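In the form predicted on its own, a lone chain appears below as structure tokens.
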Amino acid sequence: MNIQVADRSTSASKGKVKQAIADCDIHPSPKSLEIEIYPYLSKRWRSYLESYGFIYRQGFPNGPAFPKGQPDAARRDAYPPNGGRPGSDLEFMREQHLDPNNVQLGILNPLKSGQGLQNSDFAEAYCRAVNEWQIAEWTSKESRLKASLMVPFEDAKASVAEIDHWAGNPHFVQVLLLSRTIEPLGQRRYWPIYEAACRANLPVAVHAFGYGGTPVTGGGWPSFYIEEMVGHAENTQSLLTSMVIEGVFERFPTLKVILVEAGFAWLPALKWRLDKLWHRMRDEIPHVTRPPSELIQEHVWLTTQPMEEPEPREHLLDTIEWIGWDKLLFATDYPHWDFDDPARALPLKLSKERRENFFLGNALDLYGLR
């Protein structure tokens, strides 16, 4: 196979990106809780937040095990000139990201949205507040942006109520979960969420990270931040395996799952291994009636960030061919430090149709926006 590879030295954007893109992982942040979130919280929960803060299921009371050098792992140049946290100023986001990178569709995935909190009642209230905030401050002011529906996923009943409340609202295009949960996401405690998402015709996106109460590894807490970052892919493989083996895709044949910010090059090997063991051990799981690779191919999409960058670069093309060009959704992870520049993210010479679908068309099709 002859592969043409673009020259990275000349591929960086010198202005507006020509190819319109969908960015399927943008992280907005409130300017301050008092200004933008408090209006959607009752007095009870404002008082609770001021007194006790966010209490997650983890062994570190003062924050994540691996604090970032910048707040929320943000780019240094992403701080709005008028103050505020990275991702908190819509106009600055337009100037720095949406306009120059020709973003036609941007999917908002808020962080610190109350999911997985120890206090389930507070998690429910805070998720509702963040959902209200996304519409008020973002999607109602910028038509290119769509919101992710925050749900307190450790409380299935409350999550279903939140999905049903917003079902049919055009501002929301997916239900968002996090990858580190109390139990693997194939467990039946989460099945009502999938059922409600199917009923509302919304994909379920699973974003890397979260607080399930256990370390990212199977053997304890790692020593370095780099292990935390690598662990996103490992954890996502585990949750996907759980969903396949527990029979989630057999039970919910219309369910669409998007795996966000865990890379994608690991997927072919996982499918091969699952198929091999399924053929040998399928008597243990008679409810899984089809090869795992078929179920994954039918039900699962992945965002591209962080984009794997092998050398030689044509190996990336082989990997995408194994996954399927229609199963990848472009994402930048704005405004984080490992942002993938759309002008440099895919240094391969592709047909016009394939490039357009990779950067935009796949997302429009999945979200039913064309």
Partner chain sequence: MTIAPPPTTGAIDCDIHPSVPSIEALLPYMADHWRDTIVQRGVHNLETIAYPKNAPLTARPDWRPAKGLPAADVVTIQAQALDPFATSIAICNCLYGVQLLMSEDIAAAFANAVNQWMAAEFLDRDPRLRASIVIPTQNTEMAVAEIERWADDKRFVSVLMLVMDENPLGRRLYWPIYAAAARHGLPICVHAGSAYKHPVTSVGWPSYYTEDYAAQSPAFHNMVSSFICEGVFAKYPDLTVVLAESGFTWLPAHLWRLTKFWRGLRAEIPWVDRPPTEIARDHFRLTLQPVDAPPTVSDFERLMEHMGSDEMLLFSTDYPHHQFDGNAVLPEGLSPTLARKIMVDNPKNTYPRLQ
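Predicted model, so just to flag it, every value in this text is computed and none were measured. Positions refer to the first chain, counted from 1.
One more form of this protein, predicted together with the partner chain, exists but is not displayed; see below.
A.B. asks: Heavy atoms, 4.5 Å, the partner chain in the predicted bound form: which of 82 to 90, 113 to 121, 155 to 163, 219 to 227 makes the cut? Say which one.
C.D. replies: Among the candidates, contact is made by 219 to 227.
A.B. asks: Should Met281 be counted as a contact of the partner chain in the predicted bound form, where contact means heavy atoms within 4.5 Å?
C.D. replies: Output for Met281 is yes: heavy atoms within 4.5 Å of the partner chain.
A.B. asks: Just to confirm, Pro39 within 4.5 Å of the partner chain in the predicted bound form by heavy atoms?
C.D. replies: No - in the predicted bound form, heavy atoms of Pro39 and the partner chain never come within 4.5 Å of each other.
A.B. asks: In the predicted bound form, is there a heavy atom of the partner chain that lies within 4.5 Å of any heavy atom of Trp322, even though the partner is absent here?
C.D. replies: It does: once the partner chain is placed as it appears in the predicted bound form, Trp322 has a heavy atom within 4.5 Å of it.
A.B. asks: Would Arg128 count as touching the partner chain in the predicted bound form under a 4.5 Å heavy atom rule?
C.D. replies: Answer no; every heavy atom of Arg128 is more than 4.5 Å from the partner chain in the predicted bound form.
A.B. asks: In the predicted bound form, does each of Pro30, Tyr52 and Glu195 have a heavy atom within 4.5 Å of the partner chain?
C.D. replies: No, none of Pro30, Tyr52 and Glu195 comes within 4.5 Å of the partner chain in the predicted bound form.
A.B. asks: Can you pick out, from Leu98, Ala200, Ala265, Leu255, the residue that has a heavy atom within 4.5 Å of the partner chain in the predicted bound form?
C.D. replies: It is Ala265 that has a heavy atom within 4.5 Å of the partner.
A.B. asks: Let me know which residues along 304 to 338 have a heavy atom within 4.5 Å of the partner chain in the predicted bound form, or say none if there are none.
C.D. replies: Contacts from 304 to 338: Pro306, Met307, Glu308, Glu309, Pro310, Glu311, His315, Leu316, Asp318, Thr319, Glu321, Trp322, Trp337, Asp338.
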